[in-house]
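This document contains two forms of one protein chain, each encoded as structure tokens and listed individually as structure 1 and structure 2.
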Structure 1
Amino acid sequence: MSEILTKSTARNIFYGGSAFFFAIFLALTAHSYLYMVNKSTDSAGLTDSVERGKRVWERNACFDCHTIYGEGARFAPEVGDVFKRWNGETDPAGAKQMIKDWMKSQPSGTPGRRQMPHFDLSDQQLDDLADFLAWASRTNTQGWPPRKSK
């Protein structure tokens, strides 16, 4: 005894299944959004200075050489965690000064070596860029991008 699948039964299965998976899609989308807003991003730290620093980053096309969170050209070092690497968690002012000094000291003038262009950024722009990189370092990337173990 086999049952015959009627058109109305097939239609009900199709619409019911579509509605079920669409509801799952919406739930997962909401969960991802809430996770990003509440847990992985420092939304409280989004200041005007951070926003201006991101504009400095974009205007000077820093992503043409650097990566941030694994996105970019990979010609120069990842900067999404540069603030952490330069002891920004224990000495935020020192790390910020280190970033500013690094930017001011470029290019090194060494022939045959990769060099960072000199962008002639003002002190305000350097402060804003450092604030943006500090904010980026506080983002919970869950270990992304992966690093080679030493």
Structure 2
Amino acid sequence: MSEILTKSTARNIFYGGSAFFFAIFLALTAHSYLYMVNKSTDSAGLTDSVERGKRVWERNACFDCHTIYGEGARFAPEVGDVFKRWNGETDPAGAKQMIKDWMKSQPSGTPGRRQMPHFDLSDQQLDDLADFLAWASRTNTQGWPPRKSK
């Protein structure tokens, strides 16, 4: 590497190249943003209730046990598709009720089983949370997660 590449050439390649790749990245992010807002997510269905539900999810740090779209902690099941797994596509009201009942029944206290805390959520908060999970299940995640049937 001695004379072919001088230090100042290396420096210029570093600055120039980094700026170049960063610019491409920004452009692709901008495009992805539009894609998300217009195509892959249910923007029209992003109601106040869904947004409040997202804040309930955040306020109680659910992601520090669960994954959503595969991100978060790995201590508890994925919830990005829980609404679908609980048959929300055919029976939305039923799935919503199941989510609310689930929240109220924790912790299970079953010996040897991982425990989920009891969160003191109002009926409204439970509704919002269920709406948020229902909304999240409608996003086009390129076919993830892999599930056999169901």
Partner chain sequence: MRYESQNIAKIYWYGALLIFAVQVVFGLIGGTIYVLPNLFPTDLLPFNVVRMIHTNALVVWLLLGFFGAAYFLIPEEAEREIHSPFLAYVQFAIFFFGALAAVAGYLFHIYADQARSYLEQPLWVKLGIIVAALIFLFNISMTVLQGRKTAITNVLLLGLWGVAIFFLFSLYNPANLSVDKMFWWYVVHLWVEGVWELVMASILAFIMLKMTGVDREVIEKWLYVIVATTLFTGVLGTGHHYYWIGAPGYWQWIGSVFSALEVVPFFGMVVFTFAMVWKGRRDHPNKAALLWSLGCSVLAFFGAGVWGFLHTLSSVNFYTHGTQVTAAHGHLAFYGAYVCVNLAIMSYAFPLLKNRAPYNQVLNMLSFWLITSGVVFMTVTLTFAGVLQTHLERVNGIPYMDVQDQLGFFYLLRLGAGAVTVVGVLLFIYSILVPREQEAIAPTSLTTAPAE
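Residue 1 is the first residue of structure 1, and the numbers go on in sequence order from there. Take the two forms, superpose them, and find the largest set of C-alpha atoms that agree within 1.5 Å; that set is the rigid core. Values in this document were obtained by computation on a predicted structure and should not be read as measured data.
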property	result
Number of the structure representing the form predicted alone	1
Option at the hinge, rigid-body rotation between the two structures, list A73, A61, V37, N87	V37
Rigid hinge motion between the two structures - rotation in whole degrees	32
Displacement in Å of the C-alpha of R11 between the two structures, rigid core kept as reference	16.9
Per-residue CA shift, S32 (Å; core superposed between the two structures)	3.0
